[in-house]
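Presented below, as structure tokens, is a lone chain in the form predicted alone.
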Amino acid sequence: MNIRIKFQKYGVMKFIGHLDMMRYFQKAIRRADIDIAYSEGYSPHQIMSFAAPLGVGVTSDGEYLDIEVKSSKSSKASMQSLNETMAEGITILEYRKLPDTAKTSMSLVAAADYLVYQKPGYCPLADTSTQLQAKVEAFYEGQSHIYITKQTKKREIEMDLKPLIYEMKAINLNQKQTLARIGVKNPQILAACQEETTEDTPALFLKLCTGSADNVKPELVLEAFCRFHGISYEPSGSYIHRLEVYARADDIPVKGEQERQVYADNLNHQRELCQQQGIEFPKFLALGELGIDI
């Protein structure tokens, strides 16, 4: 049985790297008595994979982990068992069953949402969200190309960021309704906005191309944005928070010819329903939407 787990990462846990997170979850799953399956061979290991590794120092409300289990309790009971073993800074949000022929989340990742805002004491991107939106429009909508130089392990390459930025807009971090609409669940961000205030704290919302083929880090976009507007870019001057990770809505998330055809037929049916209702069929689906509670 394939299971997809969604979790938060915040607080001091944001300084824990990807490999250490893998070891952490291996131990947590054993402590929570999850009946996880092991690989065969001389050195068996737990069958698990992460969707998109998170950079050190970045918090998240939308991290995904796929595991294979031999048997499972209900989603509610499994989440409770896991959360009882979690250290502060990691919270399990979803535990969902996937089809037996499901592709791994790692192979499906196509986009991710980010929230970017300045730390106190650093040069702000703008004084208000309205001013920041004007700067966003000049940078994102006012340019047909956004060329940057990206440093890889072997060489420097020039790339165009424009087609890899799916959405970019300014928001006011002090409006709770706005935070709820974009899906902020991070307790530290929400705690800072418990009371509605008239203060305007501008922040950037980004939907970026993510995955093994083309992967854009929010730091690249922020650096290009600052350079365009003549703002001093300081890599450590911003908080970066990942909100959600997506698969393309038209990407078939299962293997097997028959299974793929059944999914494709259902996808076409959903697309026709959207057309009849006069609404746009979504380009992306959150990875958690591809599973069901048990």
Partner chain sequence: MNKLALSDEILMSVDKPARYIGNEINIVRKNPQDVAIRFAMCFPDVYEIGMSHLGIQILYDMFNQREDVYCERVYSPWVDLHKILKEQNIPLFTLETQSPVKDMDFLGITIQYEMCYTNILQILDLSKIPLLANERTEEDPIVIGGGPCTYNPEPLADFFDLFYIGEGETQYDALFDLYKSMRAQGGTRQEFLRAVCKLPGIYVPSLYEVSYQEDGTIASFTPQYADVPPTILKEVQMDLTNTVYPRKPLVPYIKVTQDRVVLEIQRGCIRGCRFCQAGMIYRPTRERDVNMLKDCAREMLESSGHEEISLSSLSSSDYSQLPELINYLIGFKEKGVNISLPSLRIDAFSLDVMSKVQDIRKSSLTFAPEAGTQRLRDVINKGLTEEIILNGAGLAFAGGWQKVKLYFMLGLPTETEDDMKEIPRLADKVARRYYEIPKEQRNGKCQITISTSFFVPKPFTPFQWASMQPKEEYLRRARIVNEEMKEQLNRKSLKYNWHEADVTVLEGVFARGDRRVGQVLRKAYEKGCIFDSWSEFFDNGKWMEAFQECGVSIDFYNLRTRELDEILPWDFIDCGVTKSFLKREWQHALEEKVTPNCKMQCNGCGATKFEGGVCLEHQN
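Numbering follows the first chain given and starts at 1. Computed from a predicted model, the values in this text were never measured in an experiment.
Keep in mind that the form predicted in complex with the partner chain is not shown, yet the notes after this line are about it.
Looking at Glu88, you'd find a heavy atom of it within 4.5 angstroms of the partner chain in the model of the complex. Among residues of the shown chain, Gly57 is one whose heavy atoms approach the partner chain to within 4.5 Å in the model of the complex.
In the model of the complex, the partner chain sits beyond 4.5 Å of every heavy atom of Ala286.
The partner chain is not drawn, but in the model of the complex it has no heavy atom within 4.5 Å of Lys76. The partner is absent here, but in the model of the complex a heavy atom of Arg30, alone among Lys255, His269, Arg227, Arg30, sits within 4.5 Å of the partner chain. Only one of 130 to 138, 116 to 124, 207 to 215, 152 to 160 places residue heavy atoms within 4.5 angstroms of the partner chain in the model of the complex, namely 116 to 124. Proximity to the partner chain in the model of the complex holds for all of Gly11, Phe15 and Gln26, with the criterion being a heavy atom within 4.5 Å. Residues Arg31, Asp33, Tyr38, Tyr42, Ser43 are the members of 31 to 50 with a non-hydrogen atom no more than 4.5 angstroms from the partner chain in the model of the complex.
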